[in-house]
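Encoded as structure tokens, the following chain is the form predicted on its own, with no partner shown.
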């Protein structure tokens, strides 16, 4: 495993090399496939994941048919956060939204390393703060903002985490993420497409105009981004 792999995940990149070397022994690179389910509500968390270029959606389930995305995890964080609070059971469904690479660690050695690694603790506590802010902001966004602005916000957040303007995406999958009917997703996507902000075909989405998409998005996108930047020390606390 190379230093480049460590740098590909922002939590791991913030840890001094000496502390990372102990972690490295139990970290294994894995490739995660689109649609792969990593956790189910009420089930034991067997592994934690540090995404490098994949994207994981956190969904709260209403029943067997309906679910809603409450958060997403990319290379800025870690999936399996209940473990840092001493809880080994997932409260959400975690599904791979964008296939790609991650570093995986079994839960037992992670718990041992977390307890003795102050640098890892600090990095994950900061990330927990940012993730909680993302979850609460997403809840407000889903309640108060229209589907077009929500879709724009979601696409921008996805773009930030996969570092690409193009990614596989279907309207059916988007409907689950945003808690909308497929018709509502189609209307919102068509509106953005008519403004030449996005394009899509055959299950692929492409962002054509990032600046325009930011204008079409609700304020939630920038609110969440600022919180993550502050947690990672890239924004002064008073800004």
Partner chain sequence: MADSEPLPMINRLLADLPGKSRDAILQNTECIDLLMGDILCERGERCDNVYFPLSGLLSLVWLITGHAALETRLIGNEGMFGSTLALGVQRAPQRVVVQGSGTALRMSTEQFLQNLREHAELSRIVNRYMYVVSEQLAQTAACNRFHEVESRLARRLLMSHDHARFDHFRLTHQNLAEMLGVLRSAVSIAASTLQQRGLIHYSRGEITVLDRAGLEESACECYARGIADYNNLHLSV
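Residue numbers count along the first chain shown, from 1. These numbers come from a predicted model, not from an experiment.
Although not depicted, the form predicted in complex with the partner chain is the subject of the following passage.
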property: All of 28, 157 and 161 within 4.5 Å of the partner chain in the model of the complex, heavy atom check; result: no
property: Exercise: residue 68 in contact with the partner chain in the model of the complex, heavy atom 4.5 Å; result: yes
property: is_contact(residue 82, the partner chain) in the model of the complex, heavy atom dist at most 4.5 Å; result: yes
property: 4.5 angstroms heavy atom contact with the partner chain in the model of the complex for residue 15; result: no
property: Contact of residue 91 with the partner chain in the model of the complex (heavy atom, 4.5 Å); result: yes
property: Heavy atom within 4.5 Å of the partner chain in the model of the complex - the one residue of 205, 213, 189, 180 that qualifies; result: 180
property: Residue among 140, 119, 112, 106 with a heavy atom within 4.5 Å of the partner chain in the model of the complex; result: 140
property: One stretch from 166 to 174, 56 to 64, 28 to 36, 197 to 205 that, in the model of the complex, holds residues within 4.5 Å of the partner chain by heavy atom; result: 56 to 64
property: Residues of stretch 117 to 146 in contact with the partner chain in the model of the complex (4.5 Å, non-hydrogen atom); result: 125, 126, 128, 129, 132, 133, 135, 136, 137, 138, 139, 140, 141, 142, 143, 144, 145
